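Below you will find one chain, with nothing else, as structure tokens; this is the form predicted alone, and questions on how it binds or moves follow later.
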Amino acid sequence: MTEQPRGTSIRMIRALSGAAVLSGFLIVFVYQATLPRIAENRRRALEQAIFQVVPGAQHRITFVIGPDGQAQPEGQAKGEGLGIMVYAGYDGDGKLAGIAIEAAGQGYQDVIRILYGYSPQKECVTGMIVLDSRETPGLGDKIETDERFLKNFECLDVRLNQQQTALLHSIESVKRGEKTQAWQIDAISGATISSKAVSKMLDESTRQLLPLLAANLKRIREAGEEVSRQDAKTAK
């Protein structure tokens, strides 16, 4: 076997190293160049989803619920790590139409991210949209398309107890056709794990956030009314 001259080997190593460095640079460059567009597309998708799960909403204000349980408009929120973001939707008169909330949980294949609407007036979930899912095509991904499943979220009972500190009833998943209560979710046959995952994340999210939203409801309502007043002054 003929040995390669030492100089040839060094040139090959240099060429491969240069190609690797160039490839790494191009990957970083493309990522940085497309990042603003990706972020903008996600913002638009989230904006559309908010208005879908909060019927009657025409504009929204993002609130951050901090570790102290206080909700502040996003630009006024302070503190390390900030907190949990929720999206309050208001009608044309500045009245609170509902609140959109993100939730996530482990599905069959990967983490599922959803956005759901909550009506403090009706004390129910008013809609649900899957933001991100890698569930099995034709089975688990039915959580995005199955009309009967999605109908569960048109008015899912999430009433709080009299003290406004906890859910009156836990959200639970039942076999298709066995739903008898307004706080139950009819699962999808063949996609039980995925539909149970949605039920679980909704239960955990509403348990955590709805009492906090109840405590901040006056502030959230007043923020929309203030924006409406400011818009009226600007129009004049």
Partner chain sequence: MPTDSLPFIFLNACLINNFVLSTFLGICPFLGVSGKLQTASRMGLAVMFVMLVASTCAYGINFVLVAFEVEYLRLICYIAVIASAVQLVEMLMKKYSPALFRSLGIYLPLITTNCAILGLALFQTFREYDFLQCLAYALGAGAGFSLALIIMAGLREKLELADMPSLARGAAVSLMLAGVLSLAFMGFAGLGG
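Numbering follows the first chain given and starts at 1. We call the rigid core the largest set of C-alpha positions that still match within 1.5 Å between the two forms. Since this is a predicted model, take the numbers as computed values, not measurements.
Only in words, not in the display: the form predicted together with the partner chain, which the text now covers.
Q: Each of 52, 163 and 166 near the partner chain in the predicted bound form, meaning some heavy atom within 4.5 Å?
A: Result no, not one residue of the spot touches the partner chain.
Q: Only one of 123, 154, 74, 110 has a non-hydrogen atom within 4.5 angstroms of the partner chain in the predicted bound form; which is it?
A: The residue in contact is 110.
Q: Based on heavy atom distances of at most 4.5 Å to the partner chain in the predicted bound form, which listed stretch, 144 to 152, 114 to 122, 87 to 95, 100 to 108, is the contact stretch?
A: Careful reading of the contacts points to 100 to 108.
Q: Should residue 27 be counted as a contact of the partner chain in the predicted bound form, where contact means heavy atoms within 4.5 Å?
A: Judged by the heavy-atom cut-off of 4.5 Å, residue 27 is in contact with the partner chain in the predicted bound form.
Q: How about residue 159 - does it come within 4.5 Å of the partner chain in the predicted bound form, if we only consider non-hydrogen atoms?
A: No.
Q: Since only the chain is shown here, I'm wondering whether residue 193 would be in contact with the partner chain in the predicted bound form (any heavy atom pair within 4.5 Å).
A: Answer yes; at least one heavy atom of residue 193 falls within 4.5 Å of the partner chain in the predicted bound form.
Q: Where, within 128 to 160, is there a heavy atom within 4.5 Å of the partner chain in the predicted bound form? Residue list please.
A: Heavy-atom contacts within 4.5 Å come from 134 alone.
Q: For a quick test of reading the superposition: does residue 19 move by 2 Å or more at the CA between the shown form and the other one, rigid core aligned?
A: Yes; that C-alpha moves by at least 2 Å between the shown form and the other one.
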